[in-house]
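The chain that follows stands alone, in the form predicted on its own, written as structure tokens.
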């Protein structure tokens, strides 16, 4: 069965989408959020980084529709937007580990 050729516009959007996974801090944030919803402070503590730097990366991930958030008073809690983000992360990690022979 022949696969449908992707539209050039869709391929461009896919390329832009994968750029959001191209930063080690953002990948570490996604990895941590696989455990469930976390506050900005919890994320910053886990990554041993300042809240300002984490907030910047969270904003990028949110703009890419990879994360969603809720506010409780002054605290903001982030979580992965949906199961697709988890699957993309997991498949990428499996590919890396497979190539290493793990």
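As the structure is a prediction and not an experimental result, all values here were calculated from the model. Positions refer to the first chain, counted from 1.
There is another form of the same protein, the form predicted together with the DNA; it is not shown, and what comes next is about it.
Shown alone here, residue 23 lies within 4.5 Å of the DNA in the predicted complex, counting heavy atoms only. Contact between residue 78 and the DNA in the predicted complex is found at the 4.5 Å heavy atom cutoff.
Interface residue remark: residue 60 is counted as part of the site for the DNA in the predicted complex, having a heavy atom within 4.5 Å. The closest non-hydrogen atom of residue 27 lies beyond 4.5 Å of the DNA in the predicted complex. If you take 15-46 and check each residue for a heavy atom within 4.5 Å of the DNA in the predicted complex, you get 19, 23, 25, 26, 39, 40, 41, in sequence order.
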